[in-house]
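For reference, the chain that follows is the form predicted alone, supplied as structure tokens.
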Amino acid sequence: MQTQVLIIGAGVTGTGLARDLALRGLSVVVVEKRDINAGASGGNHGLLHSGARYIASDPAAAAECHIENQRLKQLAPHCIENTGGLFVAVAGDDERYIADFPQMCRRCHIPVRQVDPKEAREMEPTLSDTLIAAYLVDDATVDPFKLSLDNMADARRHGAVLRRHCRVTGFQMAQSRIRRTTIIDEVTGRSETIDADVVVNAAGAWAGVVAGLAGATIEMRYSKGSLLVTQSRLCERVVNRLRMPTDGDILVPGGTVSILGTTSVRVDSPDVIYPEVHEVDTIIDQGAAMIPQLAVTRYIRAYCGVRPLLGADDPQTSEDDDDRAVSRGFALIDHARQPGAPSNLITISGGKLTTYRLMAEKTADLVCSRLGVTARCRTDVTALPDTVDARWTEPGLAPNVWLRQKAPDDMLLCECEMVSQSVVDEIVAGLQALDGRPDLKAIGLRSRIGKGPCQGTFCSQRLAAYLYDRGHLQGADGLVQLRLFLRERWRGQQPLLWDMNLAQAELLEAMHCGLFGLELEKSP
């Protein structure tokens, strides 16, 4: 395969870059070792930052966030719920920080308005009655999966190619350039090579590993952040604790649920991570100080992601256990300036979900300068299309369509999120058009199957049975996929096993192990 640009990584930056370059008329191939948003892009709270969270620790990143916040609200409104946000302080919080907050926001050109604590509690009745200060900002929420799927779908519409489950295994060099990239298809086991004029490393937390394969060096550290999903939505706005960023100080509404987070825990590797019980305890304790209901509500799932942070060689921060001191800005690394590194390798890393488009634009500018392409960026003025590929991640859409259509033979496969057979058929058709590989995890990523209170207990086996009936699964494939699907859900359930969650887990075990004997199947 031959292309002008090879992008490694299909997170929000990689897919956004693919769209930017495709709109400029370049040929692009994206390779991803798993599926879209498999890393940090799929492991965040879906917050479209106003920038106010970083006004003290990183004013430059705060200003970038605010500009992109406003731009994305204009260009991708279908991915965003414009909730607004509140920063609130409770008794005992740092009064100096509270007093300085509005001025620090204004220095970063972030609009802010003080509201009386009583008014804030009228806006959000779950807020603590110990509130001492509140400010309105223009935070919002964004669906990160819809954002990436729409970016990739539009990129493909303009000629880009996506290869899922394809891992880079090495580079062949010639005259200090990457001449050929070798990938292996993790499903079929087949190897393939891609010749590209420029290779962009957008592998997120794995950027250092990819760069190392090419003989380049990136100093990175990995900061794990864990989050909890409540069974119901507890707030209409994003609620932030009014203090320097720390654990458990953001509650983000997300469709029918709320997401509470996050932590910052240094880990050695991004490959084996999971939410831990001590993180759950900390998040709930801290969150309950601003919203007491968080101490007694039911949580249906925990999940985590790894922030790829650059600057591990910074003596001021490398020994500091709190990785929140590391900049949330992004780094565009031109490896041509590094001795011994390939001259046609570029790495883009760091940054925020909110600034993904800007990161893609700056990277595409550098790529184009290398290739002598003069076409300018269009993603800053061209609306992101609302594509069929991403429509079923939207909360409430599947039940709305199902109830309106009233088709008696369109059975529900997921009763929690009301996902029907026809929705699954549409997603399967899209996957087949992409690479012909419908599977449970891919369908779950592109819909809300498994995301409701049962966490896959019932819908997983219904979905597998349906795929068998339609001939999409054969032999032991379904059992293998069922195990993978439930393993992923279990990782998020395990640290939450008390009360209803414990009973739910025992029911799942009784059904899938006691009845189906799924634990007896060989692991893939």
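Numbering starts at 1 and follows the sequence shown. Because the structure is predicted, anything quoted here is derived from the model rather than measured.
Only in words, not in the display: the form predicted together with a small molecule, which the text now covers.
Participant: The small molecule isn't shown here, but in the predicted bound form, which of 196-204, 81-89, 392-400, 240-248 has heavy atoms within 4.5 Å of it?
Facilitator: Only one stretch passes the 4.5 Å heavy-atom test: 196-204.
Participant: Would you kindly say which of L149, C166, I443, I110 lies with a heavy atom within 4.5 Å of the small molecule in the predicted bound form?
Facilitator: Contact check passes for C166.
Participant: Which of I55, V31, L486, A464 has a heavy atom within 4.5 Å of the small molecule in the predicted bound form?
Facilitator: Only one option qualifies, and that one is V31.
Participant: Answer with yes or no whether D477 is in contact with the small molecule in the predicted bound form, where contact means some heavy atom within 4.5 Å.
Facilitator: So D477 does not count as contacting the small molecule.
Participant: Test of understanding: in the predicted bound form, would V210 fall inside 4.5 Å of the small molecule by heavy atoms?
Facilitator: Output for V210 is yes: heavy atoms within 4.5 Å of the small molecule.
Participant: Does S258 reach the small molecule in the predicted bound form, with heavy atoms at most 4.5 Å apart?
Facilitator: No, S258 is distant from the partner.
Participant: I'd like to check something about V12: if you look in the predicted bound form, is any of its heavy atoms closer than or equal to 4.5 Å to a heavy atom of the small molecule?
Facilitator: Yes - in the predicted bound form, heavy atoms of V12 and the small molecule come within 4.5 Å of each other.
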